[in-house]
Each structure stands twice: as C-alpha cells, then as structure tokens.
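The chain below stands alone and is given in structure tokens; this is the form predicted on its own.
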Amino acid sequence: MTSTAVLQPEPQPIVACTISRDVQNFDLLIEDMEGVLGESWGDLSFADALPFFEQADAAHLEFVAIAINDEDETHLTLIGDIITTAKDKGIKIILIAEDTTPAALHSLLRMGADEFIPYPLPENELGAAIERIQTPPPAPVAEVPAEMQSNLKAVNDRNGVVLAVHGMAGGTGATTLAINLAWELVTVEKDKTPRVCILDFDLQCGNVSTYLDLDRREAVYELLSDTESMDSDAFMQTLLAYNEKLHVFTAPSDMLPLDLVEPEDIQRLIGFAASNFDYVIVDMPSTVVAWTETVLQSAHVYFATLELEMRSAQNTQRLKRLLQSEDLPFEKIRFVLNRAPKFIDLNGKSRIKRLAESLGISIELLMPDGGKAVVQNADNGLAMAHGLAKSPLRKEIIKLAKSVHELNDDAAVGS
C-alpha cells in the first residue's frame, strides 16, 4: 500500500509585525517587509497588538514596525501603551511616520522607539534600520575624562545674567565671541571667579565643544528629550568643564532637528542655568526657530554678529522686520561687527556708517579681524587667552567682558 501523504514544512515563526490602523496605507512598507523578511512577518491593528503580545506566538518577535500618519494622532495614548509593552517584553521598535506633528513624534520617541524612519520609506532604509537594531550595542565607552568633569554642585541661589549670541550669517564669529566672552567673564576678577556656563543651542552644527576640545555626551540628548523630568542636579551633571572654570552644555553628539525641543524645554534649561551661574552665554543657531523668541525674552542682552557684506545686511534687515512685526524686544539686540576695518581705514569707517544708516540700526561693537590665527587656535581647542593672548580681537572681548561685569555689579549694588 503506497502512501500519498506529502510532508509539509513547518511554518516559519513570526519574527516581526507591522502595527498600524490600516497597513494598506503603507504599501511601500509591505513591499520592504516582504523583501527583507519573506513570509516571517505578520500584521496587527492597534487594537490587536496588546492582546497578541500576551500570546505564545509573540515569543519569537524580534521587532515591530509601528506605522502612523496624521490621522493616528488621536490614538497616541494607545500607541504609547503598545511601545511601552513592547519595550517591557524586549521587543525592538521601529517607528514609521508620515505627516505627523513634531510634538507627536517627539512624544513617541521619548517613550522608547529604537529607530525612526519617515514615510515614504527611503530606499533600503528599512533593511538598514533592522540591521541596526539587531546589532549588539557597542561596549560601554569610558567615562568623561577627569579634566573635563564638572565638580560644581547645584546651588539654586543665583539670578544669572543671560547673554545670547546669534550670527546674522555663517562665519560671522558668533561662536568665537560666545566662547571667549565666557572665558573672559570667568577670569574678569582676580580674587573671585564668577560661575559661568555656555549653552550650545545649535543642535545641528554646534561647535562650542570643538572649539574647546570637549567631548559630546549622549546625556545631552537624553536630557533634551525629557526636560520635564530634569532638575538642577540632572542639568549640572550634563555639563563639561574647560580648564576647571568654564562649564559647557554641549550640542548633542548627533545632528538633531531644531524643533526637537520646544519653547518650554528651552525655558527650563535657561532657568536652571541662571539659578546656578552668574553668567549664562547662549550660543544660538543662525536659523530663527520657534524658541528663538524664548531666548530673546530671557536674555538681558542679545548680541548679533555681522560683517560688512550683503548676506549680513539682508539677514539683519529680515530679522529686524520680523521682530518688529511681532512686537518683540528688538531693542535688546546689540550689533557686533566682526572683522571691522582698522581705525585708520577712513573708507571702512564710512562703509560702517552707511551700513548702519541703511539698516536703521546702531553698530555698537567693532571687533578687529583676528586673521587665520583665530581659526587655527579654535581648531586646537583653545580659548584665545591660551593661544592668542595678545590678539587685538581678544583685547576687545576683554573690554566687553569688563563692561558687562561692571554693569552687573552696579545693578547688584543698586538693587
């Protein structure tokens, strides 16, 4: 007797699932999941996801791909529960989003998503994201070097002066001014060292850490992602020290969108800095963002660096028009001309006057051209006091620091 039975291969376990309101809205995701995983994946609705996690079939899940669009923002609580439950069960999470608001995306990322991919999916990006989440985490990096560690403790007894620096165009010396003004304020008195910190708020291209040869820390991103949980101690622990005196909140290690943080986040950071330091220097991105107004309102003085060129002139005019149209305190801005003509250059002085008159502004500070030596010194990770002590540019910054400190002392005496 001959058997006609055919042995069927056992079905492959499901190692991944898509979770969405309707996966048919994400046809490119279906194609990529099939291309990467074949038939070893499944699909769940938002309502089915939590019950499925409790079933035996979920034991083989390695990751889930949660796909959302703007219509799903009413279900953020449920989606957040799915993310939290998946994390508790050791399941990796790839978040795929189309047309969602930054606030919604920020909220879900804070809950623990391991990877984020915009939709429509870039070519091969899903496979690359899967490979990243399956790669074992790198070995723990060494702690912050001893010379960079900040030993300051939170005191919460200050009402620090907030000084912001904003470049009207790239390369106008905003970061150079911020760093060296901060250092000169640290050393402005021989008998007493004011507490000074720099906040590098250029989340994408911030260079304060580069100019001072400091590491960038993952702790900065973690703090920016959840400022609601921050207290003074947490803020102080993210700071690095330059020469044991100047304290720095560096830009994050990765390039992040400027709308990752909201005005409330920036207000908290400035508040904690001002309550623990005598002077807070804020190095701003040259881009105007939603929280630029927050810094402008918080700052005692808002320095704007520009040069004798069309870029700076046009951007200054745009900024002035924007602030005045929104009834914001344009009077707080002090314009700083970088690479100013020398004193004996009468033609240069005439150009400065014409620029100020055409823009309807007052250029109060003239910073001389420090030449290539300033750039080279910054590349070496040094403040000008430690590499270009006799530079004419440094001498002008010293004058500015002394003026700021004297005004602050006079205000303290008057109060």
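Numbering starts at 1 and follows the sequence shown. The structure presented is a predicted model; accordingly, all values stated were derived computationally and were not measured.
The next section is about a form of this same protein that is not shown, the form predicted together with a small molecule.
- Of the heavy atoms in Ala174, some are within 4.5 Å of the small molecule in the predicted complex.
- With a 4.5 Å cutoff on heavy atoms, Cys17 does not count as touching the small molecule in the predicted complex; it lies far away.
- Although the partner is absent here, Gly35 sits far enough away that none of its heavy atoms falls within 4.5 Å of the small molecule in the predicted complex.
- Within this chain, Gly371 lines the site of the small molecule in the predicted complex, having a heavy atom no more than 4.5 Å away.
- Site residues Leu203, Thr250 and Trp291 are none of them in contact with the small molecule in the predicted complex, judged by any heavy atom within 4.5 Å.
- You can rule out all but one of 53 to 61, 35 to 43, 362 to 370, 346 to 354: in the predicted complex, only 362 to 370 has residues with a heavy atom within 4.5 Å of the small molecule.
- Residue-level contacts in the predicted complex: of Leu181, Leu296, Ile117, Ala169, one residue has a heavy atom within 4.5 Å of the small molecule, and it is Ala169.
- The partner is absent here; in the predicted complex, the one residue of Leu29, Ala49, Ala385, Ala378 having a heavy atom within 4.5 Å of the small molecule is Ala378.
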